[in-house]
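Next comes just one chain, in structure tokens: the form predicted alone.
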């Protein structure tokens, strides 16, 4: 199934450039991480709070317009630009405030992020209220739940930066991570893949996918609430139960993804990268559930979650790169030939890129000698960084193809 796309076409600075800027900043931190304090925290938040959050706000708005068949409301693009600007300013303040331990800066940054996300959720809700009944409107319900999750997660993160080390710090840390990963990221991802997954594979959707997706949303919501409540109360068994229930929801939702991939296995970078990322995300969530089930010391919980956090980052990065590789040429527009010209660049060496990135991730997470980890990390960084020049090449190819199309029309 191909989703109807009515979002704004062409280049849009506030939509397109911050993603690249965050990825480049994360790459720089990864290169100099040994000499930089709080490098692990910075790398994680530049990918998640910076690049991924920018992408979520952009693409959830884009897909909401598509599934609801809604055009831009008056001031729609201008308001979206302001929302994205607020979001990025808030993220920068958080990224500066936490490592420097200036809590006022973190407080302002978290408040700005929460404000921009609340505005985003409110705009989505208004779009949903104005629209006619549509088959895939459940995706927008997922986006509303994800926006509420980030508002809560931003508040928990701001509180976390104020707390000293200790059991309460560990409990709030886990609650903050679960809210953002399972809610903000997880709900957006599942709500979008309902239509994006078969579209990337260029095949039809499983007819049962939409009702399955609709029925599993309450399971996701209840699981997130139980997991976060368990963490805040200090009951690790309850937090583990919530995460385990979330895994059950993922399994039920994943049934709708299986038929399209059986019908047409991935043959391009976008679906292969997203598919690999989904595997890593599932592994990371299961890993967290296991660690929570066997842990009782909240003061040391952050050390136990380092490996699943790395697996999570690897998964989310692959989902981000894969989805962006498919969507960026599409929203630039210009017709099928122009879109194909851009995607041809982003699909270059796709099998080798996916294979190398995942192999290096396995070597990094496995109990391998330190020199092997260094080589693996270096190869993984170079492979992931290829996205930026390939995206630039795709943009130039799209512009050339558009000029040729326009020249034949005159």
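Because the structure is predicted, anything quoted here is derived from the model rather than measured. Positions refer to the first chain, counted from 1.
The same protein also exists as the form predicted in complex with a small molecule; that form is not shown, yet it is the one meant from here on.
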| property | result |
| --- | --- |
| 30, 34 and 376 each touching the small molecule in the predicted complex (heavy atom, 4.5 Å) | no |
| is_contact(residue 230, the small molecule) in the predicted complex, heavy atom dist at most 4.5 Å | no |
| Interface membership of residue 106, the small molecule in the predicted complex, 4.5 Å heavy atom rule | yes |
| 4.5 Å heavy atom contact, residue 110 to the small molecule in the predicted complex | yes |
| Partner proximity in the predicted complex: residue 169 to the small molecule, non-hydrogen atom cutoff 4.5 Å | yes |
| Among 148-156, 208-216, 246-254, 335-343, the region lying within 4.5 Å of the small molecule in the predicted complex by heavy atom distance | 148-156 |
| In the predicted complex, the one of 192, 80, 180, 325 near the small molecule [non-hydrogen atom within 4.5 angstroms] | 180 |
| Among the candidates 26, 58, 357, 49, the residue which, in the predicted complex, approaches the small molecule to within 4.5 Å (heavy atoms) | 49 |
